[in-house]
Structure formats: structure tokens, C-alpha cells
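Below sits a lone chain in C-alpha cells, taken as the form predicted alone.
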């Protein structure tokens, strides 16, 4: 029986159990569950869950950087807020030839990608690494927050900017209103799934393997003839574009954006989500963003004074006992099960 099992594994490459416990298999289950939730639930849960899913996308943008390239960025919140403001300005402009919703989403990708590419090019070509990169990205978030405050005639300053919910223009089929929660849910969920698939595909390509090489030993990779700064600029541009795109969807869903969305506190929360979820797994990071953000919201409601302390203690506990985050701990359990 044991020999037959080995033969089955060698012929098909993987067993059904392996597929189930692989990240793509687990992701398929997670997205299927998320797709079914509005069938059984309604009200506040269906309203708020898309926001948490977008927080998960924001966490994935950092997970790609940190988990696969070894680059810790405190600037993801800045890109997120930039995307929300881009969507708000686009919706206010009316869009012209292009539908303002589509224009806002497209511009968020372009603006986030170009800004991250420009910043990354100057930083990485100058040899900036480690702590210095962290400090620069933190300064970037602070700068974007201050710009949002100072340009109050455009952004609304500390009062923030109200953003209309987008509607989808389907050409001859007319427009679909996303004012209700369920239609918006079923627009954001496929977007999250597509982004996950794209980012996961990147990690298993040659590009992703080179990023792993940079994370493990950048100097050795350079000695082999690879332009590490170019690859780091590329992954930072992708990360910035994804974070900005998530922010654009967040802005139109929440109907509001304020400068604090780009602040240091929110930037730190993103790092906590990724660390707890497990930076080595995009699915773990996505779930970390969803679950930890919802847990933070619950804590802030029952203990407004100490919820940040509780979250900080959870972060420290994960770093001490689960270096790979929750996803890493689950992977160890699965590997131990397979070894038996």
C-alpha cells in the first residue's frame, strides 16, 4: 500500500491531500467561503468585511516586499491613502471621456506604481538598505500625510474628503449601482482574488526566485551578475501600485478619506498584520490583514484606552514564539502531519 501511494504521488505530482494543504488550495477554500457569506449574513458584517479585505490587500503589498524581498516598508499606508485621494479627486472631476470610477482605479495604479518606482530607483541605486530604507519609507508616509493636511483646498485638510460610491458602467448594459452593500461586496471580492492570484504568480516565477535570493543574500546575487537594485525597484513599484489600488477601492467603499490614513499609526498596524499573519505566505498575510484588523476594531470598541497595548503584546508574542507568523505555524503542523 505504501508503494502504491508513492507511485500515485510520482505519477500525478501531488496527492489530493497535498493540493488541499497547499496555499493555492487553501486560498480557493477561503475565497469560496467569502463568496458565500452574503448568502447567509447581511447587515453590518457585509458592509465592513470588504474594508477588511482591502486591508488584507494592503497587507499583501507589504508581504510581497517583506516576505519575498526582505524589504520592510512603513510607507504602505501612504500609498493606500494616496489611492483613496486619487479616487476622490477623480470622482469629483466627473472623468470626461472615461468613467470617473474606472479613471480613479487606473490612475491609482499608475500614480502608486510611478511614485514607488521613482523613490525605489533613487534609494536602491544609491545602495540604501535595511534600517535606512525603513526610515525613508516612514518619512514618505509622513510627507504624504502632511501634504494631505496642507493642501486643504484640494483634500479637505483634517476634515477629510467625502467620496461617492462608484457605479460600474457596463456600456450597452448601462450602469450598475454599488450603493447597496452586497453589490459592492461582490465587486471587491473578485478584485481581491485577482490581486492575490497575480501576486502569488509573481512569487513563483523567476522574478520571485530572484527576490528570494535578494532576501537571503543580496551580495551573492550581485556577484552572480544580477542587478539587485533593478529588481528591488520593480517589486517596490508593484507593491506601491497594489497598495494605491486598494486605497482607491477603500475610498469609494468607505465614502471618506482623511490624512490620518497615511499616518505613522496606520503604517505600523500594517506591519503588525503582516508579522502576525506570516510574511512568508501571501494567503497568511491576507488573512492576517482581515482578522487582525477586525480584532483591532473589536478591541477598540470594548477598551478604547488599551486596545493598542493588547495588539502590541500580541505582536511581541508572535515574534517571540511564532517567527513565521500564524501561517508559518500552520505550515509546520502540516509538514509534521505529512512526515508521519
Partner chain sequence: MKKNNSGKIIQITRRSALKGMATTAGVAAVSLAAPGIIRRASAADPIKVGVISPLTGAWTVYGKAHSAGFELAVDEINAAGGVLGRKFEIILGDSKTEPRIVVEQANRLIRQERVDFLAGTFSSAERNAAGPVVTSANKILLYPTFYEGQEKEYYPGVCNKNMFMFGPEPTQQVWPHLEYMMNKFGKKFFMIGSDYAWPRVTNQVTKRRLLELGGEVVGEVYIPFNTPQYESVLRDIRASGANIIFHTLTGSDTVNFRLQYTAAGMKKDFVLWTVDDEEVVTSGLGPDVSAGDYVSFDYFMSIENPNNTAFLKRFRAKFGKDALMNTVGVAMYNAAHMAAMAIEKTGEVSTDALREGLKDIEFENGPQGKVRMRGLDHQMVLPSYLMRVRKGWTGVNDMFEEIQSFPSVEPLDARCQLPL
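Just so it is clear, the model here is predicted, and its values are computed rather than measured. Positions refer to the first chain, counted from 1.
Note that the form predicted together with its partner chain isn't included here; everything after this is about it.
- The chain is drawn here without its partner chain; in the predicted bound form, the stretch among 261 to 269, 83 to 91, 101 to 109, 186 to 194 whose residues come within 4.5 Å of it by any heavy atom is 261 to 269.
- Residue contact with its partner chain in the predicted bound form: residue 33 places a heavy atom within 4.5 Å of it.
- Interface membership of residue 254, defined by any non-hydrogen atom within 4.5 Å of its partner chain in the predicted bound form, is confirmed.
- Its partner chain is not shown here, and in the predicted bound form it never comes within 4.5 Å of any heavy atom of residue 177.
- Its partner chain is not drawn, but in the predicted bound form it has a heavy atom within 4.5 Å of residue 162.
- Residues from 39 to 53 that approach its partner chain in the predicted bound form with a non-hydrogen atom closer than or equal to 4.5 Å are 41, 43, 44, 45, 47, 48, 49, 51, 52, in the order they occur in the chain.
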